[in-house]
Structure formats: structure tokens, C-alpha cells
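Starting off, we have a lone chain in the form predicted on its own, written out as C-alpha cells.
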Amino acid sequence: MSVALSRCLCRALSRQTAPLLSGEHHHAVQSPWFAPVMTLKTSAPLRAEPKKKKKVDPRREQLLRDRLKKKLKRLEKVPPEYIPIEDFIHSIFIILLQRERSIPSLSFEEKEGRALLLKEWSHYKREQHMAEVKAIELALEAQREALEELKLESEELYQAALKPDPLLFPFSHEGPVNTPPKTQYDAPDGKYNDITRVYTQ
């Protein structure tokens, strides 16, 4: 229908514009209804229909919603996954390759000999400790008696004997310097390969 209408309009307009093209000069009134044929454009016929909406069963929609709610509840029950600390994770190869030493079985005579040897060693160390304690006590008692006799002889010598001797234990020490750190110093990080793993949750 639209194609036939466009053809009729083209014929009528061509008849109106024919005298102008033949050279006859008439004072024609220009109207928007009579335009050149080249300016007319026609569009193709549109025979498409709007798509029909599918009928959705409300029960089916409710079932889908219930399933989604159940899935969300299951996901909420699952505890969150923490980022593992690699320093606390031991390799399975190290665990499998651990060396196990079997305890040797000792005879009764060997066990008795070791027990007697341990008793003799503890008795020897006790006597050594008691001898050291007795020697220290004797040295302190002799020092005290010597200081008392020196005090009776001369008070100045007694006070000089009580002062510590700095040359008895030679010791030299240099403390930290008082130079303040540089505020604008940029310490280099050095070259390294970043192998840190990135975890996404």
C-alpha cells in the first residue's frame, strides 16, 4: 500500500513541475506540498509485531526464590577461609624424610654400670663444690682479719684498702656516638624477588 501511494505522489509532482522544466515562466506559488521529487524519501514497510510476554507460573518463581534462599543460608553457615601463614606450614617432604633413631637395647650389666658411674660422678662434683666453698670462706675470713689489723695500724691505709682497684680487671668500652641520623637519607632496599602470594576472598 505504501509503495503504491509513493508512486502516485511522484507522478502528481512530476506533472506539476513539468511546465517549469519546459521553459514556461509562470508565477507559481511555492508550497510545501509541492516539493522536488528528489527530496522525497520513503521508508520500508514495518510488519513486525511486539513480542508476546511469556506467561510465568507464580509457583515456579516461588520455588526458584526458595532455592536461592537455601543456597544463601548454606553459604552463610560456611566459615570464612583465613589466609594461611606459610611459616607455620611444613612441607610434607620434610615430614616424610625425618630421620628416626631406634633406641638401642642395653643389657642389665650395662645399665647397672652406668648408674654406678653416675653416682660416683655426682659424689665427686659435690666434694669439689664443698672444697671451693670452704676455700672462699677461708679467704674471706683472712681478709676480714687483715682489714681489722690494718684499721688498728692506720686509718688511711684501711680506707685505701676498701677502694676498688681499677687495674684489677682491665676493661675498655666505647659507647654510641652523639651524631644525629640524617633525616633526608633514603636507605636502599636492595635487589630482591618478590614471591609473596596474593590471596583473594
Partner chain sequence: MAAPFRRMASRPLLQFLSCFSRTATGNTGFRQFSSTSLCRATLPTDRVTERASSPWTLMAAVCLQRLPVISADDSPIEQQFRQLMQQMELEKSLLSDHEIRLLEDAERLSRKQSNSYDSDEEEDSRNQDIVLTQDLEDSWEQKLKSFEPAQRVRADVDKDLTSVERCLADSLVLLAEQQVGSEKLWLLPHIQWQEGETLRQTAERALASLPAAGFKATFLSNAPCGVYKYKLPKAARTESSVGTKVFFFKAILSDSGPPAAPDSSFVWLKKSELQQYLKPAYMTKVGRFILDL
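Everything numeric in this text was worked out from a predicted model, so none of it was measured. Residue numbers count along the first chain shown, from 1.
The protein also exists as the form predicted together with the partner chain; that form is not presented, and the subsequent description refers to it.
Contact assignment for the partner chain in the model of the complex, among I92, L75, L117, I89, heavy atom within 4.5 Å: Only one option qualifies, and that one is L117.
Residue contact check: N178 to the partner chain in the model of the complex, 4.5 Å heavy atom: Contact with the partner chain, yes.
E153, heavy atom within 4.5 angstroms of the partner chain in the model of the complex: Close contact exists here: in the model of the complex, E153 approaches the partner chain to within 4.5 Å, heavy atoms only.
Exercise: E132 in contact with the partner chain in the model of the complex, heavy atom 4.5 Å: Taking the distances in the model of the complex, the answer for E132 is yes, it comes within 4.5 Å of the partner chain.
Non-hydrogen atom contact I85 with the partner chain in the model of the complex at 4.5 angstroms: Flag for I85 set to no.
Heavy atom within 4.5 Å of the partner chain in the model of the complex - qualifying residues of 156 to 186: Result: L157, A160, A161, K163, P164, D165, L168, F171, H173, G175, P176, V177, N178, T179, P180, P181, K182, Y185.
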